[in-house]
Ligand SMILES: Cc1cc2nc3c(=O)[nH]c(=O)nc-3n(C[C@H](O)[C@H](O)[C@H](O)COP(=O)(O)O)c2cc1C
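Next up: a single chain in structure tokens, the form predicted alone.
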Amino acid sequence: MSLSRRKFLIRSVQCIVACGILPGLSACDGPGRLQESKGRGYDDLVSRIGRERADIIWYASFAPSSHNVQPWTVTIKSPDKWIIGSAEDRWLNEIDPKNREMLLSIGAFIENMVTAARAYGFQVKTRVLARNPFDPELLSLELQNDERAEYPLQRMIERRTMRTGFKNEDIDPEDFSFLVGGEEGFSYFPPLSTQAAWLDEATIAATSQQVERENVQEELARWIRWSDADARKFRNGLTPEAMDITGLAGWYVRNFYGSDDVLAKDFRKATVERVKKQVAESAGWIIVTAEKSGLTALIETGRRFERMFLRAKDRSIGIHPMSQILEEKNFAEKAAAMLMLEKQPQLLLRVGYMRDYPSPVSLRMPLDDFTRVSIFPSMSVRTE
């Protein structure tokens, strides 16, 4: 291949690659092309705590997280007493230095766990253990027998972050009401509103700031699994399929892309251009707010967000968290005032009816990688 032709292909692919790989809770969702998300230690876990309890943890693992880092850990003290924490090697220190988005992800994980537990006939009592977002142990959970609650658990598996294919059609008030389920702390701004216009412009500007920060790009590069080999090895992070890079472009990046390409000038420029196209294609924004921004409040906000997210497919509504504004101090400090909100925004969601609602395609870590059993100290769920 000639140098000029290769350069043309690289630049063409970079424009496609920039699709949606920005920070935010959007990351990646779903079971993905690697279906063994229960892991080799699943049967061992079943033998210790029972299949229903093991499945509760498995369903919880389909929660969203920034860059798809899946930061949660589960330590099983007894079959009905668990400790939920976070893994330091799965924190995003550059884009999320205060672990704000990590706590939102933990909240979504807890919501999945509590919902699945109810479906299996358990009531869950939670208690916050941590004093700050950096404590390794965040919450304790206790399962108690209860009546089964009907719930379509498949929603957790099918939930997916959408980046393309949005219609520019306002969200119907009835559909918005269905999404939020009567809960407070959700505001919808249609495309022609003043708030939506500010969100569009500020998201582009915040993205432009982020791509110029070397540490942010380097962190992003560490979490992209360009090759199939890396996808199988890590089972987390962003894959080409999850970033809507398919066909010839998908083949190319899986075989020829690496971390250095994420740091390239053309890649950064294409990222900003892609965000411009994304904000122009939507039904506006849904903002999730919280009265406080402490540890407990963020976890609860993550739970509310996940409850909404799990309803979205039922109304063919796509959700794309784009919280770049909240990750950049100069924008975050004035977001509430610009949006005319009394409470602090915690999640910024680009939304819209979907032309198509494809199945999830991205990676999930096996239970072995984030679950530990301390009932028998000499034994571990992990299979080396």
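Everything quoted here is computed from the prediction, not taken from an experiment. Position 1 is the first residue in the sequence shown; the rest follow in order.
Below, we refer to the form predicted in complex with this ligand, which is not included among the displayed structures.
Using a 4.5 Å heavy atom cutoff, 67, 305 and 362 all lie near this ligand in the predicted bound form. The shortest heavy atom separation between residue 320 and this ligand in the predicted bound form is within 4.5 Å. Though the partner is left out of this view, residue 160 does reach within 4.5 Å of this ligand in the predicted bound form, counting heavy atoms only. Contact check for residue 56: no non-hydrogen atom falls within 4.5 Å of this ligand in the predicted bound form. This ligand in the predicted bound form is approached by residue 238, whose closest heavy atom lies within 4.5 angstroms of it. Only one of 247-255, 160-168, 213-221, 291-299 places residue heavy atoms within 4.5 angstroms of this ligand in the predicted bound form, namely 160-168.
For the residues 112, 282, 271, 105, the 4.5 Å heavy atom test against this ligand in the predicted bound form is passed only by 105.
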